[in-house]
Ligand code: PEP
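First, one chain by itself: the form predicted alone, in structure tokens.
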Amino acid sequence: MVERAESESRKLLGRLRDTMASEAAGQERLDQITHLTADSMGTEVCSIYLFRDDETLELCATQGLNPESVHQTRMKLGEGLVGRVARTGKVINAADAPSSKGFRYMPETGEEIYSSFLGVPIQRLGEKLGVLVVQSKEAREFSADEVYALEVVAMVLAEMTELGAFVGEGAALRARHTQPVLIRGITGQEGSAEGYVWLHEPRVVVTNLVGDNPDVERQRLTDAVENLRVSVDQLLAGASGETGDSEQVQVLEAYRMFANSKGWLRRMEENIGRGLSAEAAVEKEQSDVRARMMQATDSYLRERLQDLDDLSNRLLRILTGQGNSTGADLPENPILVARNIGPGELLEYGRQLRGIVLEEGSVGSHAAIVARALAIPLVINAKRIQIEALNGDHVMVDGDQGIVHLRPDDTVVNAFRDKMAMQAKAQERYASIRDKPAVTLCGKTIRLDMNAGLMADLPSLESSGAEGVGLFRTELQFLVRSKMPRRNELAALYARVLDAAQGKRVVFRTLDIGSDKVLPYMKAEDEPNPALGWRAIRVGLDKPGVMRMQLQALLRAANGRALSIMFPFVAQYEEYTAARAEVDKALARERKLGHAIPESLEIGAMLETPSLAFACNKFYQEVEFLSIGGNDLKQFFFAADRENERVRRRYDTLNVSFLTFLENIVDRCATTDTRLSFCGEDAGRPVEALCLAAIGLHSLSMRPASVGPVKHLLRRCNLDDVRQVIHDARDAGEQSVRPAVMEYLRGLN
């Protein structure tokens, strides 16, 4: 029975291959497929429903239903049995369709005479394309072999759609990858860019779906799987040798488990037995597993889906010979498109990229950190970008709004270019005040520093007009390596940073890891809320060897010059004193070794937790400077995870309660004569920066590109007036001072 089913399946696939190879137009091909499928399965009806948009299905071809209903019958996602199949991605097999839950009668199709219904989704690697249906007058439930046969036809339809087989005169479908697409994501790094798509990992395209000889195809699969297993074992051996128990090793262990799964291999061999080629069998299994696991509520299972996807793609590349390198040259003005990317890989591209678009990621991810350091516009969580984009596609990235325009039409292009031209013109205006101080109309001078994390950032110190580096992120040198950097390597790097600063102040923040910044060679801790867990100063104090090594590297890099060190995420006084004691030990050791001691050494802390705002006076008297870490402080103040798009935008920096809290910190520091600055994304937003300066924060640190816009606004405003606007809005019971401040600024214009 099984052999007969396999034989029938291979026959049908062979006939479908002939249809694919024919010169027929798109609509004719669809019609032929419905005839072939109905004939092969012994049903009176076979119909193909395809998506017209994300919510609408259209009857595009049929054998057995009223021909006049083709391209006329439409239904919404979830509507009727066809809509249910499309929404859930699951098969519906009903012996008595009219009495089934959710059945919707479509009178124009003439389907009332058919009882049995079998509908399977047409989908490719998670992308829903439509629904394939067979119906018959006889009230019966279709067998497992029949369900499988229809799933195979649906897969072939999906691949043919990807290859453009249904495009042409009178076609049922528009050509894929030719229409304009707008994709909404999340801002990872502000800025605008125009260029052409460069796929970090080009998709594998399966062109030979049908296998003539199952034995040959099984052998091809066996050889490819063996090749895959060897490569995974080699990767695992290399990772274990370098890192032991790192997260990378755990991922590769999962890879090896999948690669050695007998069930995985058996199912692919069964697909070959039904008539598929080896690569088509792999992709069908990948699509089937993806469809099942996407329904899972268990987060662990959903994470494993990514592992299986990666493994399947590796296997497909072995079978098809389509490696990551396609031989194509990087296009002019490349916009990198990827599911996700590590910091090391991103740094290899460097500043040649004009923009980055990721399907995944977070605002605090490694990729976002590097993109900010390189000042490259970044949009994250751009769903479907890898499915929609092809290498060389024209693309526009609006990092300010978190929007991607793929293959934009002329109207969008013109509007986007006008926006970029206005930004360029503004930058010219900012360049004219680059060497002038940020002095307000009321005579107050605001210090504007820049944030940095790479040597590549330092040229911006001169061009941006920043007075120094208010925050140098030292963790990037740890994140981009596969093993812990050596002390002499760090000392040499920090020395080059000080050299490039040419005497301007550089504040080095010690290692800020944990939360969303996990070192590849450090065991990841399974924490329910990493942002509130073992991170930053807590890691440094629990692993003092790493902190001491970094402190020694900083002291040696200074080589007698002035040095500023800042500890991140200090929550209480005793953490600062413990860290300060480590500095004193490192100083004593350097003196004993006869090394040069910094001519001046200032030790500060980042105020990122509300608790530190209420620390004892002794802390404020002892700490030499404080920098408010606005990004973390705001999320803890409002109890709103900045990685959670549902809540992070609900809370305004110019909220009265938050500004009042900041004013209290300003007052405490004024009482103890403690130097205070504000560092974070909000410092680089002109309106927010103006308000921060108005409440007494006269030192701000931001990304280099923001120095000009912030300075331009500050030089046009009177801080006394802005402070009065803020206080009046608070006294009036306003929740945010933003509307009042914006009204004040409109009055200036």
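Model, not experiment: these values are computed from the prediction. Residue indices: 1-based, along the sequence shown. Here, rigid core means the biggest group of C-alpha atoms that superpose within 1.5 Å across both forms.
Omitted here: the form predicted together with this ligand. The next part is about that form.
Stretch-level contact analysis of 29-37, 45-53, 64-72, 676-684 against this ligand in the predicted complex, using heavy atoms and a 4.5 Å limit, identifies 676-684. Only one of Arg447, Arg407, Arg354, Arg473 comes within 4.5 Å of this ligand in the predicted complex through a heavy atom, and that residue is Arg473. Gly630 is the sole member of Gly211, Gly630, Gly540, Pro343 with a non-hydrogen atom lying within 4.5 angstroms of this ligand in the predicted complex. This ligand in the predicted complex is not approached by Arg290, whose heavy atoms all lie more than 4.5 angstroms from it. Although the partner is absent from this view, Ala389 stays clear of this ligand in the predicted complex, with no non-hydrogen atom inside 4.5 angstroms.
Heavy atoms of Glu279 never reach within 4.5 Å of this ligand in the predicted complex, leaving it off the interface. Residue contact check for Asp512: one or more of its heavy atoms lie within 4.5 Å of this ligand in the predicted complex. For the stretch 598-627, the set of residues having any non-hydrogen atom within 4.5 angstroms of this ligand in the predicted complex comprises Met606, Glu608, in sequence order. Remark: with the core as the superposition reference, the CA shift of Thr73 between the shown form and the other one stays below 2 Å. After superposing the rigid core, the C-alpha of Phe636 moves by 2 Å or more between the shown form and the other one.
With a cut-off of 2 Å and the rigid core superposed, Thr609 has a Cα displacement that reaches or exceeds the cut-off between the shown form and the other one.
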